[in-house]
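Next comes just one chain, in structure tokens: the form predicted alone.
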Amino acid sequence: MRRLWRAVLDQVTPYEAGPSIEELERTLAIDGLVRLSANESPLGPAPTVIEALRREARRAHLYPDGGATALRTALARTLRVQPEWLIAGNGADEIVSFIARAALDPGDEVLIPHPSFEPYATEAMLGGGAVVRSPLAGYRTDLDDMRRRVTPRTKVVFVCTPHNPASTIVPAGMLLRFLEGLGDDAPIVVVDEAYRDFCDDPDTPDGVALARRFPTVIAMRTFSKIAGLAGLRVGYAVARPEIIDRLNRVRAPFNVNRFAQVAAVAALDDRTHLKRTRSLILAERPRLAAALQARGAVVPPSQANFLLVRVGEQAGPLRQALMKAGILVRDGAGVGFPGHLRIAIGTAEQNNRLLEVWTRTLAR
């Protein structure tokens, strides 16, 4: 019998993003549903971004710039690197797939913290790699354990800081020592910084600076969070030009659409909106964390735009009560943390609504 599909697909669990917000509003018969389950921006994109998209609409029939030249040029100015150090992707997820396609041969090992962002393992398996998982130490990445698991077959190491879903950072000094300890024959180290814009810890590492210093480091960032462009899917990587050249060889033509490129450039230009979004998160994050702790929850020190909240057996009832009230939060069991809820930081009004429902539910 002819085998039509690759055997590795039996090992891959499809990513379940859940129903769209529009479908949920219809199903639950709730207008104005608040989705705090996907780590999206509470403010959305800047008005200047929306206007840029409106102007660009008449060019929808034209292919985008295949090299994302304007975007890479704008990023280069912001990050103080040359455009040759940058590649854009259809979300950071696509950058992960570039790395797997460009680097992995059958049997190569890919080292990831566990649990962590699901596409790391998925792309590793699809690329023929063997996934090696390093358990978190509580809510923190255990770099000592990861170092012990590096072997001559290790091709790629993923370090997520701030970590999704644990929300904690890898301290800069620890990450530097880890990279130095890999020596001259180091594997590729991907520093995933999707949530870095929300960090206020002075010990936050800088993946771009590390990419300048270490030849095999790739810093990976996104416009989905701070810029509020999750619906347009635009991420990017920063690495030495020889790495970017390898990644470009597996990149599909026109991989980042015209509207994503235009919106990302406009977002970079509107520093006021980026600062406004960051300020909201930095104000509401500790307030919400303290309020939940006062209600008996355990909340790790978050440096992201979300909290991972341990509530034990109350996780299910709380999530259901919040959903009935029109507030969606993520079941921690789906991201490797049973007994937890992952809650994106909303506006002050949204967070107050969440706390009201939370208090009523616990009082029953």
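These figures come from a predicted structure and were not determined experimentally. For every residue, the number given is its place in the sequence shown, counted from 1.
Beyond the structure shown, there is the form predicted in complex with a small molecule, which is absent from this document and is the topic of what follows.
- Taking the partner from the other structure, the small molecule in the predicted bound form has a heavy atom within 4.5 Å of a heavy atom of residue 225.
- The closest heavy atom approach of residue 129 to the small molecule in the predicted bound form falls outside 4.5 Å.
- Interface membership of residue 139, defined by any non-hydrogen atom within 4.5 Å of the small molecule in the predicted bound form, is ruled out.
- Although the partner is absent here, residue 262 sits far enough away that none of its heavy atoms falls within 4.5 Å of the small molecule in the predicted bound form.
- Contact with the small molecule, judged by heavy atoms within 4.5 Å in the predicted bound form, is confined among 210 to 218, 116 to 124, 273 to 281, 238 to 246 to 116 to 124.
- Screening 92, 146, 103, 292 for any heavy atom within 4.5 Å of the small molecule in the predicted bound form leaves a single hit, 92.
- Scanning 266, 156, 86, 194 against the small molecule in the predicted bound form with a 4.5 Å heavy atom cut-off leaves one residue, 194.
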